[in-house]
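A single chain comes next, written as structure tokens; it is the form predicted alone.
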Amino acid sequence: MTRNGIAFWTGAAVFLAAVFAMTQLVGNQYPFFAGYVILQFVALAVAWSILGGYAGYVNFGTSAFFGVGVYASVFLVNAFGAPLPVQILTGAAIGALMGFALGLLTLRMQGIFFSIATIALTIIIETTITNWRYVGGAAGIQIQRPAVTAPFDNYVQMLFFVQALLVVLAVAISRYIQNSWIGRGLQALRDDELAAECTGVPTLRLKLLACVISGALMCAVGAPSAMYLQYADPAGAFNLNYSVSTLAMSLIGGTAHWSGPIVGAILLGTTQQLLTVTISSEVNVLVLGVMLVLFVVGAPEGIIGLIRKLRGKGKEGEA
């Protein structure tokens, strides 16, 4: 293992240890409710960047994958009383199949046509769920949480730790893709897809793979949300805010490096949670739009790109 790999996994272990210690030491439940949402967006932003950042295919269908993850859990709980790990694994499997199907149908499209197709996917799935009475239909459905198991005292604490595990998994996969031949191939097709294909890069296969991995992670992230809220309805599960916020977080942080979506999601997610408590949740959309415009105009490569640019200027100044 390389030095960077050792540093990464050491940092991941420290992060998980800190999250676990927090669940054992903090009695107030609000930090877990707010922290869960932030971690959820970190994982979604990282998953989105695998297709939207590395491959350059802007996906507005995040809410479709997230919502399917939510309703996969609802169905499994209603039908079989399935435990949370089964819900997450099943959601990931369904997300992978969705990603594969979406890839086959749309990845020969490019640019705005692909993005429009992902929005259509969200509308189709949401309409289907709205008319499916077994999972509550348009009225929504209440979810009963099972008894929490040791070492956690509260189910939200356990969900907070589970979401932290999903964040580490998503980041590890994204980091591996970036540093492997897959990432180099995706970068080549993002820069010039035709040229990449002419030089022997298996562009369609790589795009399918990126779509499958991204979809699986998004659905897995959405699966615990039903238990977190103890309620699910189509308007909430398939809310376009998931798609817009995830895209904005990735762009603000920077899509060229695996750490960019993490930085953007933490910055924007924390800001939104603070505004929800201090002012109003309605202000979140305004802040999201303002920050996105500022970064697109002033730092199109995101925070990570801006840091790299400043470092480059600093080295030139020293020389």
Partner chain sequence: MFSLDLLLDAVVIGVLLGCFYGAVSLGLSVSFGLLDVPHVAHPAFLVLASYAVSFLNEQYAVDPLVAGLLITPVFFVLGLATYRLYYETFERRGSDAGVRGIAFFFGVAFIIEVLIILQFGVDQRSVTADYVGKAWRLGDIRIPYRLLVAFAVATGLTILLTLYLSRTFMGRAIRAVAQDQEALRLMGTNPVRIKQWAFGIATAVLGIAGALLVIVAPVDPTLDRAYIGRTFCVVVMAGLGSMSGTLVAAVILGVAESIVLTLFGASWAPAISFAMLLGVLAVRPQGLFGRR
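Please read these numbers as outputs of a predicted model, since none were measured by experiment. Residue numbers count along the first chain shown, from 1.
Not on display, but discussed next: the form predicted together with its partner chain.
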| property | result |
| --- | --- |
| Segment assignment from 118-126, 75-83, 165-173, 151-159: heavy atom within 4.5 Å of its partner chain in the predicted bound form | 118-126 |
| Heavy atom of each of 131, 286 and 296 within 4.5 Å of its partner chain in the predicted bound form | yes |
| 4.5 Å heavy atom contact, residue 274 to its partner chain in the predicted bound form | no |
| Residue 11, heavy atom within 4.5 angstroms of its partner chain in the predicted bound form | no |
| Touches its partner chain in the predicted bound form: residue 26 (any heavy atom, 4.5 Å) | no |
| Interface membership of residue 239, its partner chain in the predicted bound form, 4.5 Å heavy atom rule | yes |
| Of 64, 265, 70, 251, the one that lies within 4.5 Å of its partner chain in the predicted bound form (heavy atoms) | 251 |
